[in-house]
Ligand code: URP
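Take a look at this single chain in structure tokens; it is the form predicted on its own.
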């Protein structure tokens, strides 16, 4: 074998299914060999005492995206991708978001124009379909799926984005026909609007009432309805940013029935609660997102869902709106809860938060952590085995993780374009020391080494209609350890 470009030696290699002591040899941006005694290389990295993990895949983040109310997220593809890299994420899948009256082809072109010159990590796009016209459904969406845009998101809430059940059935049926994945924001819009109207009429307009208006029933009802619609047409469906035990159980029950239903949750549902929205003045606005954080009991249930197989993916749902007139306070210095920009940041801290609280505190195994933060998303969205694993032939996307590195999260240490983090002051243990993408160094010695625009667009192919997870043959036991076996 010709001399390798890079060898990572002495580390513990962890994938979704196994952990081993092995050196990693890299050539031409890919993993060329695993083993010991790999010979010489242009550079050798000593990873003794470190974990050698697949780079993270964040499959749900809003980067340089215009909201339905005309607000641009604070992170563009440069700041967003840099922030991702410093947290160990080497690939992400933001959205090419359609608004009413827009062509899907046009929003895809705009997304490429924004990402190509800026991103330092590799990327793909989900579509957001909010206006499923005859042109979109008959021509644009099928053609885009065949071009590799084989995942898209629909909304059951937000007046400017939501589709009705008939439109959702059309989209699910089309996705099934073409081997695509549909993601859904499942909340009942009428329930939210009904509760919001009553709260505002009574003068209850502080940020904390955002959680009251997005009652858990709105999420659980919409989740069950979405599952039934997918069942009707035998389509794959992933329910994003699940926050309630009821929605989680609906997903688990559907999977026990053999349905191709998947679940995703996010850091805000493990580390924040509705009490955070009850801070003085408008401080609570910093924590407003949809669905909102719930209570401590819900947190514990969501942790259990990560363990028992209800959730396959742990994403950031990074939706960065600054705490000023460009973001959270765009409607004025004291907006009602209904006019606060929805979303919280979390791209950079996604993996460290879950590692510290999940792996080190015994709530998750190391292999489950890898599956939830990298491998499963790569499989579900057509990026595996190029991404999401340390295996011969895979891209050399690697996070060399220091499991003993103690840090206190502060906005000053992060690399996004935000002016706050909802996790300020939280002490964690474990963070990547060195991050590679396709064998090139992204981050080393807390310094960015990659050039603007050096990330690549990841082409995907439509998937055959198969269940992408090896669902357990027996019903999921809420107390059993299924995480490492799912994919």
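Positions refer to the first chain, counted from 1. Because the structure is a prediction, the values reported are computed rather than measured.
What follows is about the form predicted in complex with ligand URP, which we do not show.
Mapping the unseen interface onto this chain, residue 319 counts among the residues with a heavy atom inside 4.5 Å of ligand URP in the predicted complex.
When ligand URP is considered in the predicted complex, residue 155 lines it closely, a heavy atom lying within 4.5 Å. Residue 241 belongs to the set of residues with a heavy atom inside 4.5 Å of ligand URP in the predicted complex. When ligand URP is considered in the predicted complex, residue 387 lies well away from it, no heavy atom lying within 4.5 Å.
Stretch 58-66 is the contacting one of 26-34, 445-453, 58-66, 44-52, since its residues have non-hydrogen atoms within 4.5 Å of ligand URP in the predicted complex.
Contact with ligand URP in the predicted complex, defined as a heavy atom within 4.5 Å, holds for exactly one of 343, 132, 352, 358, namely 343. For the options 289, 251, 372, 85, the residue carrying a heavy atom within 4.5 angstroms of ligand URP in the predicted complex is 289. Residue 185 is the sole member of 161-185 found to place a heavy atom within 4.5 Å of ligand URP in the predicted complex.
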